[in-house]
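Below you'll find only one chain, the form predicted alone, shown as structure tokens.
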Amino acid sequence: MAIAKICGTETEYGLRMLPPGDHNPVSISSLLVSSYVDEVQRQIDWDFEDESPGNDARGFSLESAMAPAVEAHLLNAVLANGSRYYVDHAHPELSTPECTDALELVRYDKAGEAILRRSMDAARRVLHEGASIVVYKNNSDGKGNSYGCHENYLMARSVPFAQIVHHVVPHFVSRQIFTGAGKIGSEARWWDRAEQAPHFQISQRADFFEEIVGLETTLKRPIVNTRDEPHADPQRYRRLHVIVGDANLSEVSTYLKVASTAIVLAMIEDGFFGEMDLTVENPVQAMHDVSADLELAKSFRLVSGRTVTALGIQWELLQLAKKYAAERGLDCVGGEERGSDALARWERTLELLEQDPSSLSRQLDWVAKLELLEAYRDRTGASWQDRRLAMLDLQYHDLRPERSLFARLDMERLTSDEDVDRAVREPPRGTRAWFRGTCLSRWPTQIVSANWDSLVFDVGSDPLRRVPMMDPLKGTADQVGALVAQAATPAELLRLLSE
């Protein structure tokens, strides 16, 4: 049976300084992160001991990959809710804690947005009067540069990587019809000059993918990333690092993105595809074509000779998923109730996309944004090249509540403000993130550093004590909550854990 699809996201945020000037984005990012961390907790540094970004799932290591130590001088903190908050190159980035299912991940993804909003407020308090940092949850600066929203899924090491690639590529190519955040125009180098570039696209990220499989995340981006860095027991687990997704503000889009992908990966792990072969003849071109097809009508060829639309692929995957649920169950994606809800919402979304995409303007980012921009064009007569439309596009992603166009829309919620506020402060209870976040809250001065799979304690004696957490499903509230509550000190906790 497929293992639990523990999941998480890593979101890089766009930002700018006001008033405009010749500002260093790394310095701005560092100020943003440090302002928040300094206000809410003692900074616990990230432990780079076990990081290996150059390991490739195809069986080799890229020696030229940037060693973690190169950026170890940049701010890199662990938060009490189990998240990682740090500066990645020129962007603030927040990685959610490990979550047990898609709905829990939506809560922690929204908690990430709340943390960035609080960071803007904290930064404003230390900047000179009139200065501020503005943060955007988007994927493109409009000048040919893209920054990502990556997903991570726990998978069994025993599943051949080639098998994962074979079955997941069609899903990644086609799922953007409900995961896209929408954007005006194109920044792609490969649009033929004789061909009209799209006025509006479904996905912000599709333009930037050039390969089917590869290790890179910033150049020659692949549809399937091969980074083999499990942050867990490497003999048992792999972490599928997914870089094709947009940064969604819509809770429904995020939920569908994660839930559908978790189910597809579970089916791959259980060998449930059987003879079904949805291999796309030219996946990179299909990626671009799907993003530019607002009517969801353009078809592309499979290697079998069939032609199919993105919607058609999603229907085939959904039908297989419903059969999988009936025969195998959905415990691995958060339980039967959560899995059944995901299947029902997936199906209803495809039905509405087939009938009338505009009916999903309260659920999907790209539809909501397109409706907003079209309404503005109807009122003003603005062309798609009008700079005001580009400004509205960006303002959709503005995290300032008073300026965000997304915040003014009546988008469907899957969480509550109380859920999100709790997720800012507390870690998930069903993964090792609970142990990480709870120990940090209780004993911040005695934790030297932390990462996904270990904590380093200073118990008052030499040497320091490293507690490994190689299984994402170990260290939950149910498993160790009583021991943590019983221990008065880290030393006592370590003694109890060893008994």
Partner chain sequence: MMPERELKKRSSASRQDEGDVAASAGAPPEAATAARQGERIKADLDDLLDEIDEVLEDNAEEFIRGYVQKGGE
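These figures come from a predicted structure and were not determined experimentally. Numbering follows the first chain given and starts at 1.
Below, we refer to the form predicted in complex with the partner chain, which is not included among the displayed structures.
At the 4.5 Å threshold, heavy atoms of E113 stay clear of the partner chain in the model of the complex, well away from it. Contact check for L343: no non-hydrogen atom falls within 4.5 Å of the partner chain in the model of the complex. Although the partner is absent here, R362 sits close enough that one of its heavy atoms falls within 4.5 Å of the partner chain in the model of the complex. Taking the partner from the other structure, the partner chain in the model of the complex has no heavy atom within 4.5 Å of any heavy atom of R338. Checking V126, A326, M391, A297 against the partner chain in the model of the complex, a heavy atom within 4.5 Å turns up for just one residue: M391. Shown without its partner, this chain lists A90, L320, V159, L414 as candidates; in the model of the complex, only A90 has a non-hydrogen atom within 4.5 angstroms of the partner chain. The three marked residues, P25, T218 and A407, each reach the partner chain in the model of the complex, with a heavy atom inside 4.5 Å. Heavy atoms within 4.5 Å of the partner chain in the model of the complex belong, among the stretches 270 to 278, 166 to 174, 148 to 156, 249 to 257, to residues of 148 to 156. Within 4.5 angstroms of the partner chain in the model of the complex, the stretch 353 to 379 places a non-hydrogen atom from each of S361, R362, E371, L372, A375, Y376, R379, taken in sequence order.
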